[in-house]
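Shown next as structure tokens: one chain only, the form predicted alone.
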């Protein structure tokens, strides 16, 4: 009887893990639609190609080397090993759940460097990021290995439940390095330093992408409970779902109120980014807050993202077409720092140490890689290709041939 119960628990937890992984995989569609809506129509086909390509590259590189580097479990040759002696789910389901997180981190980079980057230079970066850069910081955090043999982040009190820092801030750090090396889009900034708005082509598509991401986030956070087939784990999953949704709602409301106070009108793009900011903010600790606390954590993220997008654009001249660096980087840091507010077992100093380690590693290695790619194969399309749209230059087709020249 006991063996039957254990087998049933194993089957249910494995099934739950796979379903949650499929929800996270669906976030790839969300990023694709969001980014396609926020770029100009002449760059739509290329941004979609990037998202399809990076997902395939992430899955392949994490299978070949990344998963083994991060967790020490081979996949490609011998087949994946058992995750742990007391694991209640199949080992391959763990790989599947982890690999879609890698693709999510890489998707963050895609939007930030949109509209002026060479497609295959981006793919070259994706190979190294998903096969080496991300797995290394993942090993130091979720796998509990020491950082350069000096210290273990978990021993310092660092905690990141589902990846505000490990996934989202890491993706934003890589994106920031790329944007700095790549430079701004043509026409984005005037000679006097003022910024020009470059609106996206399809707001319905961007809104659809945001709702897809909102839905996929239940898998992102809910799956990170790692179990479902017990009363305790089921209650934990339900609370994580509740808090994830509450934080997203708080982010939307706060962003809308703030832009109304600042600019006198609602701003759809800020509302969308407010939702994503709320989701990123709660990701580091969706298991311990009350629903109201989660709403407030998300609301702070919604406020931060509005100010961050504006400041990075006007003051620092960081040209990020979709606001990815603000949503995933600035708010990802807030998400880490918010954990000690509701989890007494986590220290602020540990969160700062973890955030600093992740950012320095990912930003530093990404900067070196971007500069190498720039020197070897170039990373930016020509001025003429950028003006005409990278769809034709990089993909040889237009996403909307009837409406673009």
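Residue numbers count along the first chain shown, from 1. Computed from a prediction, not measured in an experiment: that's the story for all the values here.
Missing here is the form predicted in complex with a further copy of the same chain; even so, the following discussion is about that form.
Contact check for 63, 235 and 400: all three have a heavy atom within 4.5 Å of a further copy of the same chain in the predicted bound form. Shown without its partner, this chain lists 128, 208, 152, 311 as candidates; in the predicted bound form, only 208 has a non-hydrogen atom within 4.5 angstroms of a further copy of the same chain. With the partner omitted from this view, the residue of 70, 355, 379, 59 that lies near a further copy of the same chain in the predicted bound form is 59 [heavy atom within 4.5 Å]. In plain terms, the part of the chain that comes close to a further copy of the same chain in the predicted bound form, with a heavy atom within 4.5 Å, is 261-269 out of 154-162, 300-308, 261-269, 328-336. Mapping the unseen interface onto this chain, residue 231 counts among the residues with a heavy atom inside 4.5 Å of a further copy of the same chain in the predicted bound form. Contact annotation: residue 370 falls outside 4.5 Å of a further copy of the same chain in the predicted bound form, judged by heavy atom distances. Though the partner is left out of this view, residue 92 does reach within 4.5 Å of a further copy of the same chain in the predicted bound form, counting heavy atoms only. a further copy of the same chain is not drawn, but in the predicted bound form it has no heavy atom within 4.5 Å of residue 375. Contacts between 198-232 and a further copy of the same chain, taken as any heavy atom within 4.5 Å in the predicted bound form, involve 199, 200, 201, 202, 203, 204, 205, 207, 208, 211, 212, 214, 215, 218, 228, 229, 230, 231.
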